[in-house]
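A single chain comes next, written as structure tokens; it is the form predicted on its own.
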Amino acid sequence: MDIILEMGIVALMGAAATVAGAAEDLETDVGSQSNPNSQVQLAPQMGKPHRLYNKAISGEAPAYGLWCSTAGVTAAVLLGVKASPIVAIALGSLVGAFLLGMFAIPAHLGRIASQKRYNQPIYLDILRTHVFPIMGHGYVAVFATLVLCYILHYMLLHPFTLPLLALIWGITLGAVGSSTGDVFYGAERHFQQHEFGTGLNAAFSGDVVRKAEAGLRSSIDNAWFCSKFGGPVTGLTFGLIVFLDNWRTTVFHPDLGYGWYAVGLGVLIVIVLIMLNFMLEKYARNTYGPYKTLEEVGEVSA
């Protein structure tokens, strides 16, 4: 395949991954999954009942591995009977989204019911208004991931099958959402009443913000907030992973004897990203003030 055409395909994969990352982060924001979910679970025990959705099915990585691989199996079966790729990917993603919804409902009800002793009610309107946005965002994330896997297997002739690629990239997608997106959700949104840089001290556990800009907060408000930064930055992270990883092996193709050049370029990219991350954190410290200790915020005596 011509290298220019292959680079265009790699760019398309990066675009699909960017969409998948943003949708995945917003889905978990609506459902309060992964790291911040522990604070949602703890809040009633700290005397703070809430109207937030509460569905940590598992960590985001294995959860999205399940949704994407299930969708990949469905799509592969449909492709095997000569279905159109678009139809196969669309129906496969629909199955993955339905599976996500099936897990999300009992996960939320079970967790909220377990908080009855702390006077935490079950709000049926929260279930009704949140499940479909969860499934909708999940559908977009799974669909874009399947597009990425289809390109890898059927156009770039990757030896792994479509379901296996979907499993691998689904786990990667969930891991990126957990490591990147949660930072701009758990700290900034749930604990926005605390001064920047204080960190999540033990005394803050469960002290989540329960009032939105208008009325009581639900997890839909979290998705609105995160769509401005947390979702896009998660999409950018996953998109860069896909693009940079495939770009280096496209330019320095192992079949042409340039495999070690691709490895070296990958190491160089990681070093550059570490340096950029250090510069960004230093800029944040200098711009918003130094991180504070427990003594400085008055949580313990000096």
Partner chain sequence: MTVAAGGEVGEFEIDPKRIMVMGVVGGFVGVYLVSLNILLNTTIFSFFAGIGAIMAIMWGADQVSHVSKYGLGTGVPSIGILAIGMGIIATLFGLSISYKLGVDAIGPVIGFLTSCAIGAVIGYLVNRFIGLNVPILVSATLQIAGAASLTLIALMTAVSGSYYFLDMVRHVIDPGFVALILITSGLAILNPFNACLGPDERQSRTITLAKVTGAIAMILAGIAAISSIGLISGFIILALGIALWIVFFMKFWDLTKRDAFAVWCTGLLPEEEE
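Residue numbers count along the first chain shown, from 1. From a predicted model like this one, the values you see are computed outputs, not experimental measurements.
The next section is about a form of this same protein that is not shown, the form predicted in complex with its partner chain.
- The contact with its partner chain in the predicted complex, taken as any heavy atom within 4.5 Å, belongs to 167 out of 226, 167, 147, 208.
- When its partner chain is considered in the predicted complex, only one residue from 156, 77, 220, 94 comes within 4.5 Å through any heavy atom, namely 77.
- In the predicted complex, its partner chain lies within 4.5 Å of some heavy atom of residue 66.
- Heavy atoms of residue 62 reach within 4.5 Å of its partner chain in the predicted complex, making it an interface residue.
- Mapping the unseen interface onto this chain, residue 192 falls outside it, with no heavy atom inside 4.5 Å of its partner chain in the predicted complex.
- In the predicted complex, its partner chain lies within 4.5 Å of some heavy atom of residue 122.
- For the three residues 204, 236 and 250, a heavy atom within 4.5 Å of its partner chain turns up in the predicted complex in no case.
- Figure note: of the listed segments 133-141, 228-236, 172-180, 97-105, the one touching its partner chain in the predicted complex, with heavy atoms no more than 4.5 Å away, is 97-105.
- Along 146-162, a single residue, 161, places a heavy atom within 4.5 Å of its partner chain in the predicted complex.
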